[in-house]
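Just one chain is shown here, as structure tokens, and it is the form predicted on its own.
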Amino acid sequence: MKATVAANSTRNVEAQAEGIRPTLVQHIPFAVWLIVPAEIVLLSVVVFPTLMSLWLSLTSWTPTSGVNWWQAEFQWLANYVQLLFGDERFRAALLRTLLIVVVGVAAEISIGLSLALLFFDDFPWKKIAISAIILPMMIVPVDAANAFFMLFRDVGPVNQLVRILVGHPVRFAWLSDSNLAIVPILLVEIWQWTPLMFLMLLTGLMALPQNQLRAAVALGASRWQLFRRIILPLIAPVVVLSLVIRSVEIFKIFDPVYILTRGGPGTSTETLSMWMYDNGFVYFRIAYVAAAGFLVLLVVLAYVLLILRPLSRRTAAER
């Protein structure tokens, strides 16, 4: 008798569970089930390492300290204070990286916009010319940097070209002079990534309303007036987006610096990525580098917000 009652109770519980399960599933949208795997991967790949880095930035842990990273001595904001007020090499690398970002992105956006305007009109062999322009972007950054290393050697083609232009032998130490070494780094970045700006801006130009452009031309607008009053305001969002994407990317510049100068002579061309590489993988100051990474994140965030501010004001005014 007891066995029969227990069996009936078990069947009742299973029947109730089977009635509940469809109800719970129906309340969860199917789209949620589709993104669950991606969220799990995101949590494991992004969130956990970020929290781990944040914890490390508040400690003094190094791989050679003899303790696990979660057992490291907690020292609050000591790493951040040291970076901001006691590490002149870090501050110099930060300012140097900002210089490369400002100069490099300004040159790339200027050249890219000029080329995009040039290719805005149709002409023979246009597709072949576009393919030739975007070719540098397809080259591996290490190969591009190695090519510029050969060009800017003391006995390389660049010095030979300068000798022909000035009419007497010259030998600029492009890669070993602290005042000149930054030039090849900037040139290789500008040469390789201007095509990206060109493509983005040309895409923005192709999406412009042709009726407005034809009306302006019919009313007698010059090319400069057409560009300043119609084209530039309309493609401003594309320009700002290009600036943001390229600025964030160039902040991470490493390959050209490593191949061309190794951050030298001395530390005259050391960027943030090069500084982190040395401190993290040469001196094993992992916690210190983690703190530097969060400071750089704040700097990049402030830089991006500064770029987006005019666009935000314009959007607010249009509303």
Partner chain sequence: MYQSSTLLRMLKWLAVIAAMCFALFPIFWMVSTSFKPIQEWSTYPPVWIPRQPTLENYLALLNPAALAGSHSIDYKVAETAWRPLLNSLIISTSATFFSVCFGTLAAYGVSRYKSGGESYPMFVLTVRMFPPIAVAVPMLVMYSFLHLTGTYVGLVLAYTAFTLPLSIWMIRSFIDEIPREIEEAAVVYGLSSIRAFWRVTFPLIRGALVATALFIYILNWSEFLFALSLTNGALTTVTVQVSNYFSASSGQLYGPQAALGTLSTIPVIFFGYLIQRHLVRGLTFGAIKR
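Numbering follows the first chain given and starts at 1. Here the rigid core means the biggest group of C-alpha atoms that line up within 1.5 Å when the two forms are laid on top of each other. Source: prediction; values computed, not measured.
Quick note: we don't show the form predicted together with its partner chain, though the next part is all about it.
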Task: Answer range among 205 to 213, 73 to 81, 88 to 96, 101 to 109 for contact with its partner chain, defined in the predicted bound form as heavy atoms within 4.5 Å - done: 205 to 213
- [ ] Although its partner chain is absent from this view, report whether residue 143 comes within 4.5 Å of it in the predicted bound form, heavy atoms only.
- [x] yes
TODO: Classify residue 178 as contacting or not contacting its partner chain in the predicted bound form by the rule of any non-hydrogen atom within 4.5 angstroms, answering yes or no.
DONE: no
Task: Contact flag, residue 115 vs its partner chain in the predicted bound form, heavy atom cut 4.5 Å - done: yes
Task: residue 293, heavy atom within 4.5 angstroms of its partner chain in the predicted bound form - done: yes
TODO: Scan 235 to 253 and note down the residues that get a heavy atom within 4.5 Å of its partner chain in the predicted bound form; none is a fine answer too.
DONE: 238, 241, 245, 248, 249, 252
Open item on the list: residue 38: after superposing the rigid core, is there a C-alpha shift of 2 Å or more between this form and the one not shown?
Closed with: yes
Open item on the list: Checking residue 47 here: with the core superposed, does its CA move 2 Å or more between this form and the one not shown?
Closed with: yes
